[in-house]
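One chain follows as structure tokens, the form predicted alone.
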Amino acid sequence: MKSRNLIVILLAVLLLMSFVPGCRDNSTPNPDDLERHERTFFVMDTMVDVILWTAKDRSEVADIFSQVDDELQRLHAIFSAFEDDSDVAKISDAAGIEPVQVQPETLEVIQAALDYADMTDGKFDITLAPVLRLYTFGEDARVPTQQEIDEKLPLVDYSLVEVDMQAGTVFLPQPGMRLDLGGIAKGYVVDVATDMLRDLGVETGVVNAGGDISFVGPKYDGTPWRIGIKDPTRHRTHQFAVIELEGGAIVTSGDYERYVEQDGVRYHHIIDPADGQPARSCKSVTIVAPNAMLADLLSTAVFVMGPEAGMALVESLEGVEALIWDAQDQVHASSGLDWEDRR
């Protein structure tokens, strides 16, 4: 659904943890007692950086990272569309044949995706895989013809997906249908890692899966996390905004991370399920939400919906905020967003 990108640049702001003036909350750990630890894992074709600050000894930290790694690899084996034995691959391979028994995590993610597909009028659609596979980026970049897209569009219809929660099965009724959970599963994985760290007693930390970012507790000095948002029209290190957060998650989707230009037109990886073409109403969408899964799917959905409909959806959701850079280079911020304009 997207690779994402992103986009949200922690850089020195996050990784070097620059201080923000302010008083430290007495409930937060004493920074002098905390040691910084970092480990990178490869999950769902994405580098996942786990950074934590804790007073635990090194053997305890090593055990924490080991447990997180085991769980991330387990989820990768369930969700990856490129693993033959994954739930996603099995569901796709059995399209038009029979329902597939899947893990509870798969049921949870697919049902959430279908719920938000309804809420976004189908602009977020996990059955878009047949069209997405027509596009390639990088060295072998290729833009499909409209005829190729039109041949695959009849296979794109989230409303056809049959989920039986009691039986624990998922069924794609038409041969050739395929699932792509890329726009939601990465956020889910980030949430699982974040919850694990909390359960294992980590005082404060960050999980960053290619721009899908979630926070474990408050920043170690008691001040807000400050996250830089990349300007989609300028050099990749330039930040046009800074968002302050006490916790939760933040995800950005943009048209500048995975794309190919052909005849002066940019074709990127965020595709509108209605016509199979790259969505054109936005250049960048940043979503702040209580969890990464919700931020992940909404960043894609709002990008495709466009600034007006997308912002209306955001304003209707409790605890969700958005910063949208539209195709006319206008910036729109939701009513409750705490952000600093650096343009």
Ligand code: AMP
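Everything quoted here is computed from the prediction, not taken from an experiment. The first residue of the sequence shown is number 1, and the count goes up from there.
The same protein also exists as the form predicted together with ligand AMP; that form is not shown, yet it is the one meant from here on.
Asks: Please determine, with the chain shown alone, which of 146-154, 194-202, 98-106, 251-259 has non-hydrogen atoms within 4.5 Å of ligand AMP in the predicted bound form.
Replies: So the stretch in question is 251-259.
Asks: At the 4.5 Å heavy atom threshold, is residue 94 in contact with ligand AMP in the predicted bound form?
Replies: No.
Asks: Answer yes if any heavy atom of residue 123 is within 4.5 Å of a heavy atom of ligand AMP in the predicted bound form; otherwise answer no.
Replies: Although ligand AMP is absent here, residue 123 would touch it in the predicted bound form, with heavy atoms inside 4.5 Å.
Asks: Classify residue 293 as contacting or not contacting ligand AMP in the predicted bound form by the rule of any non-hydrogen atom within 4.5 angstroms, answering yes or no.
Replies: Outside the cut-off, so no.
Asks: Is residue 87 one of the residues lying within 4.5 Å of ligand AMP in the predicted bound form, judged by heavy atom distances?
Replies: Residue 87: no, not in contact with ligand AMP in the predicted bound form.
Asks: Identify whether ligand AMP in the predicted bound form is within 4.5 Å of every residue in the set 189, 211 and 214, based on non-hydrogen atoms.
Replies: No, none of 189, 211 and 214 comes within 4.5 Å of ligand AMP in the predicted bound form.
Asks: Could you spot which one of 161, 131, 270, 72 gets a heavy atom to within 4.5 Å of ligand AMP in the predicted bound form?
Replies: After the contact test, the surviving option is 270.
Asks: Given a 4.5 Å distance limit between heavy atoms, list every residue of 170-207 close to ligand AMP in the predicted bound form, or none if there are none.
Replies: Result: 180, 182, 183.
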